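Two forms, one protein chain; structure tokens for each follow separately as structure 1 and structure 2.
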Structure 1
């Protein structure tokens, strides 16, 4: 601050002062640029590593608490945390950071869908080189799931951390008031509930209560929480790819597009952009979301607000298990780190039992642990929270996304068609799905052409 004052004062007469001013500026800027290196160096005698966490408030609170506890303990490295500087998506930031060599040492918001790209760029540290990698993960991660986290070279670059099964959160009082006794399980029941729940409460001729709402901005990852969630459920656990082949041009996709087309056509979801949280304000009956919503609702809900969750509805003729989209977020160490061993120690700390319990308590998110429902360490937590038990049970029946490098663009293509067909009713579902697949093929062809 003192410096700035001087800078103001020295503006005036005399050219020597101007030269000095410029020298100071030059000196200050270069000293600032060294700031970063100095802090990662050994100023306090301890090494400092940087940790990026997700930018939502609950995970920041968790990261802050864990980092503070870590820094108090006797560890060779100190950790500095900051939320990932994401605007529309974390992946765009990480990609640019890898290019710029400005990645942190460790990040806990790694979306498996983008891993291939990062691995190909040599941006990540291979984690199975650490001798205790498997020890840790065999104890924690179900074997079937573990394989899905391997990169295309067979090695592991991500530490499985948490999953968030997507379910339908609903406002109990609104369902009661609308006379809905049984929770909707099929598309017809879901649409029926929509008809009952979408109302004009104050009778001014304008609808002011809806079944639900989705952000209609054409941002690729928004489709995880409408199209993709319903697609995974309707298809009985398919993803977009089977090996290298696109498989989503099928009955399930068409049914999902048709469902949302009905929803928007009948006004059960408004075509709008809400800026406040309308579910908590009691204007929306449902929200398609993960367990993290519990922390959010608990923090902001008005008195007497009752809510619960039910599984994602499926087409009327659906048979078999109820799958859903599981929003996995994992931990990765970046190859820019100068302290891989120490960072690995911190990574293990982030997935320790204590940390996992805090993840449950602070963020209400599900750590990937096969013994979650039987381990007595967690049983007290789940005994008090039936909603979280639902998620823990659903977690077994989840599907993530495929690890294809073009996935963002494919979801972008789906997003375009979802908007055209489901929201604005400009194309039929069959046509739209076909166009999305064709566009995806073009994208893949372009990206893989030599």
Structure 2
């Protein structure tokens, strides 16, 4: 009840949220009790653990295949797989399950941005207690990237699994026709490309071809694919926090707001909402997206459609490596498990080379793994899918989001200022970033005073 009371008071629309969570918990209590009873044994005499995967169709197919292969092996536990129950978000489902004590043994749909909430609720097993945790992960994950997944207490409660690096998908014919011979690397070059690519093709006095498009609604998660992606790149891999300190009131944030202010001011992105895929229809020259877009474009592109990817542009004076937002999802073990060691062995299986290859083949998503694009084990896959190689190379230079419990409210503050400054030119970038930071500080102080 203490956890529910905290949730009740911690959000702006707390009454609605509280009611929804209570109803979800009630459903879990009845629907998952059989799973908990079944976890003690099976007809084969082996212990059963429960595994929740994403509700995405491709990931369900992957999970089903991996679980079937595991269960055919000589393991002390069998695994029962089910997709995470449907709701507004998987994070709310998991928080409700933690509150109701109905969590699975393991889940592979853990968003790093919600980890502090899960940890503070006592819902997760500390993974670095397992003797082989560090050796197993440092062999697979670059150490600098690994450190970004540590919790605020310095321990690890998530196992790095996969990422969807954000890059710029572009229409090759449009770029050729506009006379753009070199792909834009800097903000100046990006804006120059926008001027050439934004056109009135039919001469009716209205623009009907644009550089690109972003959803302009001030919804917190929409900023992952404009402001935040470009901020991670411009800052050389920073996130919003350094420890407990907000650090995004800086030149990188200001530069990103100014870039998008210029984009909207000049009409290179339309201030509107579209239906349908305007990139495939040939009305947009670029799309800010991840590797999952490849299968979509391949399925729906018209004959002769040519496209490729390039890294997110950076400020003109940028030096160093080119980072981007990674949209990570990881694996966690829940504290309700009665078989932590056995579940840990299954977790390691989910990030084995065999499993990582099937993640690529079935889901077109990138496992977090060193030297992925040059590892002979994956060479046949990348030789046949050259565009995926770019994402594999970018994967180790990704950043996710901070695990702060207030993250959604902070991105909401950023979204409000992004709308005011970048889209409607009502405030300067410096003023808007300052306002977003000050509002974020108030949100943090208010929430943590509870």
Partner chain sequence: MKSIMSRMKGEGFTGGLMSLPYIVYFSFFIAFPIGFSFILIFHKWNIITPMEWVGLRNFIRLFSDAQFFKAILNTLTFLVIHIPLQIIVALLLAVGLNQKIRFRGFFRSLYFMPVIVSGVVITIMWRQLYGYETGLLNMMLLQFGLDKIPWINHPTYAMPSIAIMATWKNVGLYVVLFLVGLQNIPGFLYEAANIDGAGPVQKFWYITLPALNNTMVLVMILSTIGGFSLFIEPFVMTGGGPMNSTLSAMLYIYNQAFYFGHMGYSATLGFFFACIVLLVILIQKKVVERD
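The term rigid core refers to the maximal set of C-alpha atoms that superpose within 1.5 Å between the two forms. Keep in mind that this is a model prediction, so the values were computed, not measured. Positions refer to the first chain, counted from 1.
Looking at both structures, it is structure 1 that matches the form predicted in complex with the partner chain. Rigid-part membership, decided by the better superposition fit of each C-alpha, differs between residue 143 and residue 326 in the motion between the two structures. Between the two rigid parts, the smaller one rotates 21° against the larger between the two structures, as C-alpha superposition shows.
Comparing between the two structures on a rigid core frame, one finds that residue 358 has its C-alpha moved by 3.9 Å.
With both forms fitted on their core, the C-alpha atom of residue 135 sits 8.6 Å from where it sits in the other form; this compares the forms between the two structures. Summarising the core-aligned comparison between the two structures, the C-alpha atom of residue 124 is found to shift 5.2 Å.
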